[in-house]
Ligand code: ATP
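Consider the single chain below, provided in structure tokens and representing the form predicted on its own.
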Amino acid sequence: MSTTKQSPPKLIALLGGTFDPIHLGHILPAQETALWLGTEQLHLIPAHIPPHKSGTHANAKQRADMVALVCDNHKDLQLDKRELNRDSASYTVDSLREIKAEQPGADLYFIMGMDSLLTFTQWRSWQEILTLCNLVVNIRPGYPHFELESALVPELKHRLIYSLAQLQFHQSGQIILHESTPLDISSTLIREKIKANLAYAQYLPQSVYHYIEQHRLYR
């Protein structure tokens, strides 16, 4: 009997966030983007101590549990707990260094929203991040590109590309825009609805909804 060794992934999409809680507004656009990119894996990376936030509402284990429930139902998704295992603030550059060391042959695509791109030069070691991955920025369909370009610093503006055909020649350092289907959902909205005892199940995978109810989170 012969066995075939599974080859390491060549294209990996990454989505970081607090995921407090994870919801369809995180999952569906990210899956749509990963499919568009042709990536073989989509890693969800919950932050332990977000540098830009004072804290989280659910604890690290609970947030990891909810992401794990989502991954259990989607074979293309993987929970990456590396930031939860740190005792210090979560910085994207640290995670990218580690993932690149573990998967030296893979091209990494870090998914973010437009707001994150506009503040990207405030991120720790943002120049190094661009040596480790390409950025994939989800924008609203029909959003005028020139408006985004005019808001960017020159160091980012010249990295913008507009087609996957261009991207295939660059392992890192490029910023590609993707018009993803927008979902008007936020973790803040969900937490507010839970606290007000309003319906919120429609914003979440069923498994995450049941977990929140079982553990009485966000009350």
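All residue numbers refer to positions in the sequence shown, first residue = 1. None of these values were measured; they are calculated from a predicted model.
Another form exists, predicted in complex with the named molecule; not displayed. Remarks below refer to it.
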Any non-hydrogen atom of Ser116 within 4.5 angstroms of the named molecule in the predicted complex: yes
Contact label in the predicted complex: Pro205 to the named molecule, heavy atom within 4.5 Å: no
Close approach of Arg191 to the named molecule in the predicted complex, 4.5 Å, heavy atom: yes
Close approach of Leu148 to the named molecule in the predicted complex, 4.5 Å, heavy atom: no
Phe19, His23 and His26 each touching the named molecule in the predicted complex (heavy atom, 4.5 Å): yes
Sole residue of Ala60, Ile161, Leu183, Leu152 within 4.5 Å of the named molecule in the predicted complex, by heavy atom: Leu183
Contact residue in the predicted complex, chosen from Ile129, Met112, Leu84, Leu79 - any heavy atom within 4.5 Å of the named molecule: Met112
Candidate stretches 153 to 161, 36 to 44, 183 to 191, 64 to 72 - the one whose heavy atoms come within 4.5 Å of the named molecule in the predicted complex: 183 to 191
